[in-house]
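As structure tokens, one chain now follows by itself in the form predicted on its own.
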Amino acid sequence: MAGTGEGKKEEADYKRLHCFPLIRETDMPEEMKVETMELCVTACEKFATNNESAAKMIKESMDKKFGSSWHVVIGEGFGLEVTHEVKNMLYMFFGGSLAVCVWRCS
């Protein structure tokens, strides 16, 4: 019986660890970084099975809030190299293996 309780606790800890957003790289100001990260988490949770809709939601929100020319890539197992405006890039992981990259270039 005690083993079952420990197993559930370990599973809950694992889920909590992998649902926490992890910023890999950013050069955004603190306030913009926090808003962008929260937007990414909200979009990824709302459209958990549709990365294209989540990316569209993030792009449209960023365009409205911070001006045009934002780009978003969401997925697993991809690599990219982008040229971006200084102070306008965020690369994060969410939910374990889901990566989100948001950047602005004009």
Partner chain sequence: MPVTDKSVAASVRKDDEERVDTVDRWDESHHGKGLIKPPDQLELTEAELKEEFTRILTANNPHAPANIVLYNSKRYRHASVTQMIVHFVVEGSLLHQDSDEARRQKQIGCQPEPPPRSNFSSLANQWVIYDAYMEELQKQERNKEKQKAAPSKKDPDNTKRAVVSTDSHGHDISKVRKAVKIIERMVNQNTFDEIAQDFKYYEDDSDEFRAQEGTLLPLWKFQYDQAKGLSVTALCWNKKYQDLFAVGMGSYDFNKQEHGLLVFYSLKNTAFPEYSYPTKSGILCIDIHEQHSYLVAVGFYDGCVAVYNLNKEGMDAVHKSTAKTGKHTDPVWQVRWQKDDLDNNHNFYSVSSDGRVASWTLVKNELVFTDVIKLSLNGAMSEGTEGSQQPIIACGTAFDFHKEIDYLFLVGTGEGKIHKCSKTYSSHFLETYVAHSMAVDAVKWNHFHPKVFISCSSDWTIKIWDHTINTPIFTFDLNAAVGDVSWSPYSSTVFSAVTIDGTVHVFDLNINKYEAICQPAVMAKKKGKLTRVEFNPIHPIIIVGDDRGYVTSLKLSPNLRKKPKAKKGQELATGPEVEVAKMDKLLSLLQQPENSTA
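Positions refer to the first chain, counted from 1. Just so it is clear, the structure is predicted and the values come from calculations on it, not from any experiment.
If you look for the form predicted together with the partner chain, you will not find it shown, but the lines that follow are about it.
Not one of 39, 61 and 67 is positioned with any heavy atom within 4.5 Å of the partner chain in the model of the complex. Contact annotation for residue 48: none of its heavy atoms lies within 4.5 Å of the partner chain in the model of the complex. Shown alone here, residue 52 lies farther than 4.5 Å from the partner chain in the model of the complex, counting heavy atoms only. If you take 86-106 and check each residue for a heavy atom within 4.5 Å of the partner chain in the model of the complex, you get 86, 89, 91, 93, 94, 95, 96, 97, 98, 99, 101, 105, 106, in sequence order.
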